[in-house]
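One chain comes next, on its own, written out as structure tokens in the form predicted on its own.
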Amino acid sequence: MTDESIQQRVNTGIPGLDEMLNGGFFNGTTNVVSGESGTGKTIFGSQFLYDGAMKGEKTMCIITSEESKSIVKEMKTSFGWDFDELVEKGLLTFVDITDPSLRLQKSVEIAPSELIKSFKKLVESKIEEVKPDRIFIDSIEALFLAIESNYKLRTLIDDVFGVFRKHNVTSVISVGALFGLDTMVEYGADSVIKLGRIMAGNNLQRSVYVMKMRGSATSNEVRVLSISDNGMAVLKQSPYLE
């Protein structure tokens, strides 16, 4: 990564979050959004892509646990974001588990690490073909759950992250809280944003905070994360009752 790319910031597309990150993600970095199921990780990554596409940037959505049509439908019905139209305009490319090369690999008994290597090769070829500015990987834990050795897991995570850094793509990668896998994924990231839910009196509040960001000062506050018809936004208020 060059000094110039390190200084350049990329807007997250989520109102209020860039302020917490002191200006957004660094260009060409790998950024993890982490949290339990239902905390908004898919919306986070989709909004990041939508913001880029609306600015004319090329974006890529890599899905490991379902077909792309699920996200397309969810974002259209929830927020009115027409991902099909972005695909037609060449601003969004999907890579998902329905890709023929991955289906072929899953149809035979092979080691999980070999499947990950196949996935990595597929993703790298797609990146070289499309040359995206932004990438979102949804539910990366689906790739790594079968890896039993922590050493091998650490190496494979670094290998996948290295693909994005090599091509200077700004990426957002979501990971769920399963069997401590999130900790391993977070360790290799340039930044980690934690999404959660907090009981405040009788109310259930969504929350967000920046756990780490290499090379940058960040806000140390936990703030309210709001999801409305317009998408996701970070509010200035704390989710905790005063």
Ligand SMILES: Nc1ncnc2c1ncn2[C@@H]1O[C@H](COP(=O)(O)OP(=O)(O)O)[C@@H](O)[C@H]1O
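Numbering starts at 1 and runs along the sequence shown. Only a predicted model underlies this, so the values are computations on that prediction, with no experimental measurement involved.
Although not depicted, the form predicted in complex with the ligand is the subject of the following passage.
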| property | result |
| --- | --- |
| Among 210-218, 51-59, 35-43, 180-188, the region lying within 4.5 Å of the ligand in the model of the complex by heavy atom distance | 35-43 |
| Touches the ligand in the model of the complex: S78 (any heavy atom, 4.5 Å) | yes |
| In the model of the complex, I227 touching the ligand (heavy atom, 4.5 Å) | yes |
| K194, heavy atom within 4.5 angstroms of the ligand in the model of the complex | no |
| Outcome for the Cα pair S68, F83 in the model of the complex, compared with this form (closer or farther; change of 3 Å or more) | farther |
| Cα distance between K41 and S68, which in the model of the complex differs by 3 Å or more from this form, closer or farther | closer |
